[in-house]
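In the block that follows, a single chain appears as structure tokens, in the form predicted alone.
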Amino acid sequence: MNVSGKTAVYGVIGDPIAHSLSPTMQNAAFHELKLDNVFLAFKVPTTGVENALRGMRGLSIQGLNVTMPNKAAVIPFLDEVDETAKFLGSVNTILNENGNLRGFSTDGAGAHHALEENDVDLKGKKLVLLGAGGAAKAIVFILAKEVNELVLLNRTAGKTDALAESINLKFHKKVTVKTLSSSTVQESLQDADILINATNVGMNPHSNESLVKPASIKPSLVVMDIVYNPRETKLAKDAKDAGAKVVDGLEMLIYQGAASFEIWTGKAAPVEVMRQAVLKQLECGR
């Protein structure tokens, strides 16, 4: 990588941020397409968001990814927010167009592409979603357009009720809300087609945990776990053992990153290059 006075700067803001795979993924993509760009990680707590976006304008940083805990905090300081991000109240991608800051959400698109690339047919299907955080909202917003029925399971019922009402009003789909427990998961999966874990359960260092009992997983179920550290969660392993189709959580990360890349550059993202860069980084233990 040759950095010069002409090199355009991109980055990701969040706190913590040292664990982020975005610099590895995006710099590999820039290098592959021979773009004179560099992607950096910036530690920015929520209290520093306003100054960070002033700096984005002042330093002509061309694009940013936004991760926790700043996805909602950036919105008041943007000039425009697209329909998806506005509905979700969450932005994970910012484009700087000559000082005009535009916000987008690519998390849901990342999940959709991951399922699509794994030949998962969503039309007419019943989706069970665990969790109701930012990632869960983004996934539901995109997938609700195609699936027939949704079941939202979350420990905080009120939070899920609001999400379900919004989805029902916008897409006129059947949405069922239940408090997340072993029994409600088991009951909901009896006639489900797709299960997505959008919680952090199963993430290192608690990699032996899962919200789903192995006996609840049938071979016809499609299972997606957005957790990618460890590379194979307990849920993913149990699903494979049951003969179910498993969609790797890393795929959502890669495709949401690819969507951000395309917003910034207007060019098709080199998805396979991005995937291999991330896999190599994970194998090296970061």
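Being a predicted model, the structure only gives us computed values, none of them experimental. The first residue of the sequence shown is number 1, and the count goes up from there.
The discussion below concerns the form predicted together with a small molecule, not included here.
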query: 4.5 Å heavy atom contact with the small molecule in the model of the complex for all of 155, 201 and 253; finding: yes
query: Contact label in the model of the complex: residue 249 to the small molecule, heavy atom within 4.5 Å; finding: yes
query: Touches the small molecule in the model of the complex: residue 211 (any heavy atom, 4.5 Å); finding: yes
query: Any non-hydrogen atom of residue 228 within 4.5 angstroms of the small molecule in the model of the complex; finding: yes
query: Partner contact for residue 126 in the model of the complex: the small molecule, 4.5 angstroms, heavy atom; finding: no
query: Stretch in contact, per heavy atom within 4.5 angstroms of the small molecule in the model of the complex, of 117-125, 169-177, 78-86, 147-155; finding: 147-155
query: Residue (of 33, 68, 38, 221) lying close to the small molecule in the model of the complex, criterion heavy atoms within 4.5 Å; finding: 68
query: Partner-contacting position among 136, 143, 74, 164 - heavy atom within 4.5 Å of the small molecule in the model of the complex; finding: 136
